[in-house]
Ligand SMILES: NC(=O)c1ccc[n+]([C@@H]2O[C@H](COP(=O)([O-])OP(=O)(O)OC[C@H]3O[C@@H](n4cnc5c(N)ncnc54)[C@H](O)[C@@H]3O)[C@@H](O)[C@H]2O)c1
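Form predicted alone, single chain, as structure tokens, below.
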Amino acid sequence: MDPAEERNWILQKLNIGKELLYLTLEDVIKTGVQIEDILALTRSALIAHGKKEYEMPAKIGVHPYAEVFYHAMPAYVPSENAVGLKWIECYPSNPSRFKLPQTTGLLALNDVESGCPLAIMDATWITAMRTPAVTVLAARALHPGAETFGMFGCGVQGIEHCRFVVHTLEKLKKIYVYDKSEEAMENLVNTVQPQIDIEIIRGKDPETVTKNCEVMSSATVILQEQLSVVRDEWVSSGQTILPCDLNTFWDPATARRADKYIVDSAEEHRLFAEMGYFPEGLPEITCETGEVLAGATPGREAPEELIVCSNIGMAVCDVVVGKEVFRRALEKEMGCILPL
């Protein structure tokens, strides 16, 4: 829709500058945005990023505790007429201490023409959806013929990765999962297996999963301390590794020796390096994920290439998905209109 036409449509439902739409987590989910929609929206955002048609400063944040982060994530994507900011925090101890999610947050959207707020919505579901979307889109671009996928971390992100990956790896035959928590593994299998036709296998240990999978991802915890759960000697040529947890879970030697080290945002990875998350130095960056999806840079060029593609989350994806949630909510007259 043309931006002017879209703005006029919004004005029929929301008095811009006088009102904003508030959407709860339940509202966001009930707008009906499906996996296929998320994949298309995320791909659009990544391609815009790959073509450098965006504005998005690297994440800034505060860290009240060593294992905790708050990130402010603004972005503007002209092709989608989307501008806004996600304010998100991660408390790994929340589930055990308070029975609350590890990650919570809000997304604010603005009117590009006037700058006035259009909406404030829960960002938990959007984050949970766009993160695996990036992983599986990258997996298709870098390793389309893969028959095996491994997922480390069986929480919310692990569940969604297993749900999403069957949509992009068309030759997939087996999914291996591993978590130090048997309960988490059991929950993932019980939740996802009825929804997909691909067999999900509980990994005996990280080594077994690593040696059995062509493509792997991890969504555990982001720490400055390098846990190196997956040892470099377990990793073989020809594999594709897609971490969502920066430099924490994998032996850093793997990224350093990879034939290609691809990242979603070079600027953000350099910022994390300055903050101490790469104590042995940031590996040499080959290109960005969006550049591969946009066709600006080649992905896998030989079967034996070892590729590490680190995606830590970009606000361009959040605002594009959020804009569609907002549009559908207005269309269905969902949420609560609040005065400004």
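Keep in mind the model is a prediction, meaning the values are calculated, not measured. Quick note: we count residues from 1 along the sequence shown, nothing fancier.
What follows is about the form predicted together with the ligand, which we do not show.
Proximity of residue 210 to the ligand in the model of the complex: non-hydrogen atoms within 4.5 Å are absent; the residue sits far from the partner. By the criterion of a heavy atom within 4.5 Å, residue 117 is excluded from the residues contacting the ligand in the model of the complex. Proximity of residue 244 to the ligand in the model of the complex falls within the 4.5 Å heavy atom cutoff. Contact between residue 191 and the ligand in the model of the complex is not found at the 4.5 Å heavy atom cutoff.
For the residues 90, 85, 235, 172, the 4.5 Å heavy atom test against the ligand in the model of the complex is passed only by 90. This chain lacks the partner; the member of 122, 179, 268, 214 within 4.5 angstroms of the ligand in the model of the complex by a non-hydrogen atom is 179.
Residues within 4.5 angstroms of the ligand in the model of the complex, judged by any non-hydrogen atom, belong to 99 to 107 and to none of the other stretches in 162 to 170, 99 to 107, 191 to 199, 251 to 259. Contacts of stretch 292 to 312 with the ligand in the model of the complex, defined by any heavy atom lying within 4.5 Å, are made by 311, 312, listed in sequence order.
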